[in-house]
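First comes one chain, alone, set out as C-alpha cells in the form predicted on its own.
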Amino acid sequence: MRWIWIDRFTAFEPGQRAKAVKNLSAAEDYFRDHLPGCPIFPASLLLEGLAQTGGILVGHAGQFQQNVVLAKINTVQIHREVYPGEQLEYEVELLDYRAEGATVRGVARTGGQTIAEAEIMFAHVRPDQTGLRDNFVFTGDLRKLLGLHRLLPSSESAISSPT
C-alpha cells in the first residue's frame, strides 16, 4: 500500500468493528493540488480511508493470510466536504465474512458529525493467485506501523509479521 490514509486505530474488536482516525494537515499536497484555492479533502481519499480501515479488519479476521482487495463500493453517501485541520474518525463494522471475500459498513465523522457512509465489498486473493510469493497488501511494515502486530497472538505474530 503506497499511501496510508489512517493515522492510528482507536478501537479494534476482532471480527466485529474497528475505529481509526486521520488528521488532516493543511501542509498536505492534496489540499494544494486537488482544487487550487479551495482546499478540501478529496472524496476518493475519504473513501480509501474507510476502505483501508475495513480492509484491515477483514484481513485480521483471516489472520492476514490472504490479500484483501477492494472489489466494489455498493453504496456511498457523502454529506459534506472535509477541510484542513479536521480529524476524520472512521468506524467500520464487519457485516459478512466468507472465503471469497467480505462486506463492511463504514461511517466517517468529524467532530461527531457524519460526513460519509459506505458499504464496501472486498475480495480475498491468495498470494499464489497473483503470481507473487508474498502478501503484497499486509506487509510486516504496514502491520507494525498501524500497531496491528500487537493484535495477533504471539505465535501468529512470528509467522504473520515478517521483519
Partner chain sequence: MPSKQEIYDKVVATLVDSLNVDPEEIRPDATLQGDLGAESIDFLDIVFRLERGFGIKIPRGELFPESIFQGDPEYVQDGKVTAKGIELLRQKLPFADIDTFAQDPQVNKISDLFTVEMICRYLEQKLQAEEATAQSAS
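Positions refer to the first chain, counted from 1. Since this is a predicted model, take the numbers as computed values, not measurements.
One more form of this protein should be noted, the form predicted in complex with its partner chain, which is absent from this view; the next part is about it.
In summary, the region of this chain contacting its partner chain in the predicted bound form, judged by heavy atoms within 4.5 Å and restricted to 118-126, 43-51, 56-64, 22-30, corresponds to 118-126. Among residues of the shown chain, C38 is not one whose heavy atoms approach its partner chain to within 4.5 Å in the predicted bound form. Put simply, T110 is far from its partner chain in the predicted bound form: not one heavy atom of it is within 4.5 Å. Among heavy atoms of A102, some come within 4.5 Å of its partner chain in the predicted bound form.
Using a 4.5 angstroms limit between non-hydrogen atoms, H79 is distant from its partner chain in the predicted bound form. Shown here without its partner chain, the chain has A71, K72, N74, L95, D96, Y97, R98, A99, E100, G101, A102, T103 in 69-105 lying with a heavy atom within 4.5 Å of that partner in the predicted bound form.
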